[in-house]
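Single chain ahead, written as C-alpha cells, the form predicted alone.
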Amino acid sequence: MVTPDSKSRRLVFWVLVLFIALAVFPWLGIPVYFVSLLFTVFLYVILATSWNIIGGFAGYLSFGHVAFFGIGAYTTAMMINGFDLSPLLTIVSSIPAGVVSALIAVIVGYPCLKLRGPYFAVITLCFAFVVDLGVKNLDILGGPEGLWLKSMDLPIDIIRAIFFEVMMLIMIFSIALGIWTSNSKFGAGLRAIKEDEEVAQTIAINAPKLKIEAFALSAFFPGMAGGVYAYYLTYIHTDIVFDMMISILIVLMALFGGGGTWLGPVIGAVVLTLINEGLSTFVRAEFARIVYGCLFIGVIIFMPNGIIEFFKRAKGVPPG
C-alpha cells in the first residue's frame, strides 16, 4: 500500500536525483550551447518564482521587475571593479547585490504599493524606464558604453561550470522561498490581500507591511541573479540587463504556469525559455515578439490561473 509519506519520500528522492544530475552536467564535457541553455533556464526560473511572490500570491502585477535584475548586475560590477576581490568573494558579492535590490524595492514599494491594478503596473514599468535612463547618463556606471568586469584567472570551461552551479543554487533557494510562501501564514496573508485587501485588513492582516515584505523578497533573488549574470558575461550594458522584454517574459512565465502556486512559475519558466530559445534560433525576433504577445493574450483570456489549473479542471480535479 502506497501511503502519502512514502509518496513524499519518493518525490524528494527523485528531486535530489534531478539536482545531482544537473550539478554534474557542466563537468561532463557537454557542448557549451546546452550548458548555456540550462543556465538561462535557471535564470528565468529565479526571476519568475521571485516575481510570483508579489505578482502571483499578492496579485500586484509588477511590469518593472527587470529593474531589480539590472540593479543587481550593476551593484556586482561596481564591487568587482572597485575592489580586488578573489573569485570566491566575487561570487559571494551577489548577496550584497540582492540586498541592494531589496532595499531599493522597499524604498520604491512604500509609495507605489499604495496604488493598485493597472496603476501599480504602469508605475513599476515607469520605474524600470527611469532606472535604465539614469544608468545610461551616469559615467561612473559606464554610461552608454557599459561596463567591463574582471574575469577569473581560470580556464573558460571551469568558469562556466562554476557560474552554472551558483545560478542553480540560487534557483533552488528561490524555489524553496516559493514553497515556503505557498504553505506559510505569510503566503495566506498575501492570498487574502489578493482576494480583497479591505476585507483582509478587517481581519487584522497588516496589508501594507506584508506587501512591502513581499516586494522586497521578490526583488532580492533577481538582484542576486543579476549579479551572477553580470560576472558570467564579464560585460554589462543597459540594453542587456534592463531589457523590457525580460520583464514581459517574467510575467508571462509566471502566469502561464500558474501564478500564486510555487510550481506554476517553475513550469512556465522552463517551457517558455525553451520556446524562446527555439523562436530566437529559427525565426526572426520580430515574429517572436508577436508570438509572445499572442501567448500573453491567450493566457489572460483562456488560462487566467495558468496551465496547472487548466489541467486540473480537464481531469475533473476541484480548483485549489
Partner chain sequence: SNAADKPISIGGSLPLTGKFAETAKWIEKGMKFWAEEINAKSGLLGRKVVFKIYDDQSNAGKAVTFAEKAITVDKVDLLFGGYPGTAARAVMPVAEKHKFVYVSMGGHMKSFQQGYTYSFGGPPLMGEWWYEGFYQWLKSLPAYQRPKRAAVYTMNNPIGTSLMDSINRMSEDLGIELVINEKYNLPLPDATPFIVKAKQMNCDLLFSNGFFADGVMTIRAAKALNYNPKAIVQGVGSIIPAWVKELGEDGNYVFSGTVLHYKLAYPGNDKLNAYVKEKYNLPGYPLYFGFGYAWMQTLSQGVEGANSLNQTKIRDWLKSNTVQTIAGPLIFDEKGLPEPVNFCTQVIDGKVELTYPKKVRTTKPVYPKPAWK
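Positions refer to the first chain, counted from 1. Take the two forms, find the largest set of C-alpha atoms that superpose within 1.5 Å, and that set is the rigid core. Note that the structure is a prediction, hence the values are computed from the model and not measured.
In what follows, reference is made to the form predicted in complex with its partner chain, a form of this protein that is not presented.
> Within 4.5 Å, heavy atoms only, which of 176, 103, 159, 92 is in contact with its partner chain in the predicted complex?
Of 176, 103, 159, 92, the residue with a heavy atom within 4.5 Å of its partner chain in the predicted complex is 159.
> Does residue 28 reach its partner chain in the predicted complex, with heavy atoms at most 4.5 Å apart?
No.
> Residue 234 near its partner chain in the predicted complex, any heavy atom under 4.5 Å?
Output for residue 234 is yes: heavy atoms within 4.5 Å of its partner chain.
> Consider residue 144 of the chain shown here, and say whether it contacts its partner chain in the predicted complex, taking contact as heavy atoms within 4.5 Å.
Residue 144: contacts its partner chain in the predicted complex.
> Examine residue 221 and determine whether its closest non-hydrogen atom to its partner chain in the predicted complex is within 4.5 angstroms.
Contact check for residue 221: no, nothing within 4.5 Å of its partner chain in the predicted complex.
> Which single stretch, out of 92-100, 131-139, 168-176, 70-78, brings residue heavy atoms within 4.5 Å of its partner chain in the predicted complex?
Every other range fails; the passing one is 131-139.
> Though the partner is not shown here, which residues of 11-33 have a heavy atom within 4.5 Å of its partner chain in the predicted complex?
Heavy-atom contacts within 4.5 Å come from 31, 32, 33.
> Core-aligned, is the CA shift for residue 31 between the shown form and the other one 2 angstroms or more?
Shift of 2 Å or more: no.
> At a 2 Å cut-off on C-alpha positions, does residue 19 qualify as shifted between the shown form and the other one after fitting the rigid core?
Moves: no, less than 2 Å.
> Rigid core fitted, then: does residue 44 show a CA shift of 2 angstroms or greater between the shown form and the other one?
No; that C-alpha moves by less than 2 Å between the shown form and the other one.
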